[in-house]
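The form predicted on its own is given below as one chain in structure tokens.
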């Protein structure tokens, strides 16, 4: 019988706020160094972006919902107009997975994070 309502959230499994904060900081260093995707952040206030991403991932992983940003489709529409495509999306997910791996997150949890990211693909790409 399943333990309905007692499963630990992905957010808690990852280590909560401190883990999300560390992951997002490292993740954006990787993204900005990645020639495949860095150009999409050329005119972005990275401090604000990092804060929004921490709030978004906290919510998406089942932590406290303090995300007040724009919906995925609207937020990424200007990037799609600049050529954002599935290859770019995959590069971002790859950087997130590498970040988590470097932080010692187990592959099974990284797979869960990738599954959460995949749920945003259609909206991010305005498909």
Partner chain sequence: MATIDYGGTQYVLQDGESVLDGLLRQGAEVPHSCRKGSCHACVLQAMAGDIPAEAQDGLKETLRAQGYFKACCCRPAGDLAIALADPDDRVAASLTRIEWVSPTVIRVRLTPSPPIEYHPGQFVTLVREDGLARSYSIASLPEESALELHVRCLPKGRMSQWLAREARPGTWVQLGRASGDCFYLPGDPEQPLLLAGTGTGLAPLYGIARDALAQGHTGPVWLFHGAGDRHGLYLEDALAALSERHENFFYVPSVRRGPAPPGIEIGELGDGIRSAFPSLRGWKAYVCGNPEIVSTLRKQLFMAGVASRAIHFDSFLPAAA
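Since the model is a prediction, treat every value here as computed from it, not as a measurement. Residue numbers count along the first chain shown, from 1.
There is another form of the same protein, the form predicted in complex with its partner chain; it is not shown, and what comes next is about it.
*Asks:* Taking heavy atoms and a 4.5 Å cut-off, does residue 71 contact its partner chain in the model of the complex?
*Replies:* Heavy-atom contact with its partner chain at 4.5 Å: absent for residue 71.
*Asks:* Hey, in the model of the complex, is residue 54 touching its partner chain, heavy atoms inside 4.5 Å?
*Replies:* Yes - in the model of the complex, heavy atoms of residue 54 and its partner chain come within 4.5 Å of each other.
*Asks:* Would residue 25 count as a contact of its partner chain in the model of the complex, using a 4.5 angstroms cut-off between non-hydrogen atoms?
*Replies:* Yes, contact at 4.5 Å.
*Asks:* Under a 4.5 Å heavy atom criterion, is residue 81 part of the interface with its partner chain in the model of the complex?
*Replies:* Residue 81 lies outside the contact set for its partner chain.
*Asks:* I need the one stretch from 88 to 96, 39 to 47, 72 to 80, 59 to 67 whose residues put non-hydrogen atoms within 4.5 angstroms of its partner chain in the model of the complex.
*Replies:* Checking each option against the 4.5 Å cut-off leaves 39 to 47.
*Asks:* Looking at its partner chain in the model of the complex, is some heavy atom of each of 113, 121 and 123 within 4.5 Å of it?
*Replies:* Contact check failed for every one of 113, 121 and 123.
*Asks:* Any residue of 70 to 90 with a heavy atom within 4.5 Å of its partner chain in the model of the complex counts; write them all down in order.
*Replies:* Heavy-atom contacts within 4.5 Å come from no residue here.
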